[in-house]
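Take a look at this single chain in structure tokens; it is the form predicted alone.
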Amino acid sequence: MTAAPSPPPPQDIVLVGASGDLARRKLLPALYNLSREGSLPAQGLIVGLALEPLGDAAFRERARAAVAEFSGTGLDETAWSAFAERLRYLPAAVGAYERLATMLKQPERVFYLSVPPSAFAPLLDDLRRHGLAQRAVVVIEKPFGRDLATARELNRTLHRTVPESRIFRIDHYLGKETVQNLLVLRFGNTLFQRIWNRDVIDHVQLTVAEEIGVDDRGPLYEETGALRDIVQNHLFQLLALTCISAPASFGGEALRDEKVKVLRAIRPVHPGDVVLGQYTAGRVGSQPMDGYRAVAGVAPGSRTETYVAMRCYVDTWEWAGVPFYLRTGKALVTRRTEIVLSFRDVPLHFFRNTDIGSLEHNRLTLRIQPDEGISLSFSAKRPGPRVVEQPVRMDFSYGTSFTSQPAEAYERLLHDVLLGDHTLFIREDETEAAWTALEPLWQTDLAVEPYPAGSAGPTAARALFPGWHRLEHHGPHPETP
């Protein structure tokens, strides 16, 4: 994790799956922004490789449209011209890898595998057979396997092609500014550092809620589901960063070492501590949405989960006994990612002879998206002659506190890949430790509860934990059953 942007050494970049949605929405706009900022290598091509029979000109037109729609900074003609000169395209047909080997000029090259997990192994074999893996860096998207056994097999396959030092398992949540700020909040402020443990914290909630449904990703989502798509990576990474002890340094392997310790300490999740759901037809905002089973490529009787609520425990000295409540879902009432730490009650309630019947938990909320910021809620006396408690908030917002816009997560992470900085990426032992915690769930036929699109999820989630924060707003009150 570099202190300031710097130009990486010369290298070629190959986007495998360049005609897909991830390349269009995230990768091409991020690379364009890096080019515009002078943060790409001074020399090197950007080659798109995909099944569609496109040429260079058609690929550039698609890339231009993607940048115009998704870059966040708009399309500057001068910057675009410089970026477009780098772009090439190869259809993934017979002889493509031989042509690619002659096209690439830089001895260093990055292969970004933006493809379904089932395509990883044959692609890696092709790179190795055609001599493209020498001095190559491989970037792969989650999910990293389907369970512990397949994750280990994937790691063995990767290591037959490139060593661990040249593998970047990318989780875009780790590139978000608010996630990185969690480390500064924890380890740069004595106030929070001293209360960040089981002595003061009652429970922790981690939420990744999405308004969108599966859309046109039916066949891919049928292979994954919410447990593999979000819990094993995004949510467990947020949990690890919440729980880590102070690393020896803010870079290198020190941070990843501490995350591994936390992930290995997650108690294997009991099936009775998990609620699965699948959305049915409903309305998200003002828009109607079909149910998951109506999505193209989804089996009519599919039991793939689009929602997960889970209780788990981290058996370390600092966190033993503190329940962690994780939830994620598609087609929910709102889009929100947050971490909420609820502190223990006061030891003695001496307001019992007043109009204060009970006190709300103090809460620290880290809003990761969309309204990035941090809030601290605590109790205050409402003005007036009576002693009446009211929860109030101290609030920090990135949008109002800083004039500059943070870089997009993929922009930050791609730059780190080009620099060879592994700090914000997932190591082999991290992903295997995360899968280990979920192993008991694959041995159990869990029920999948229906919930209407546009709701807060299945009612069974509130039975698991009645104190979920309301998804409808950022207030301090739990959801009402």
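From 1 onward, residues are counted along the sequence shown. Predicted, not measured: the structure shown is a model, and the values here were computed from it.
Absent from the display: the form predicted in complex with a small molecule. The rest refers to it.
- Put simply, of Tyr173, Phe144, Phe236, Tyr89 only one has a heavy atom within 4.5 Å of the small molecule in the predicted bound form, and it is Tyr173.
- Shown without its partner, this chain lists Asp202, Asp126, Glu108, Glu210 as candidates; in the predicted bound form, only Glu210 has a non-hydrogen atom within 4.5 angstroms of the small molecule.
- In the predicted bound form, none of the heavy atoms of Glu338 sits within 4.5 Å of a heavy atom of the small molecule.
- Although the partner is absent here, Lys259 lies well away from the small molecule in the predicted bound form, with no heavy atom inside 4.5 Å.
- Residue contact with the small molecule in the predicted bound form: Arg311 places no heavy atom within 4.5 Å of it.
- In the predicted bound form, the small molecule lies farther than 4.5 Å from every heavy atom of His361.
- Note on the interface: of 159-167, 93-101, 228-236, 146-154, the segment with non-hydrogen atoms within 4.5 angstroms of the small molecule in the predicted bound form is 228-236.
- Shown here without its partner, the chain carries Arg198, Thr242 and Arg367, none of which come within 4.5 Å of the small molecule in the predicted bound form through any heavy atom.
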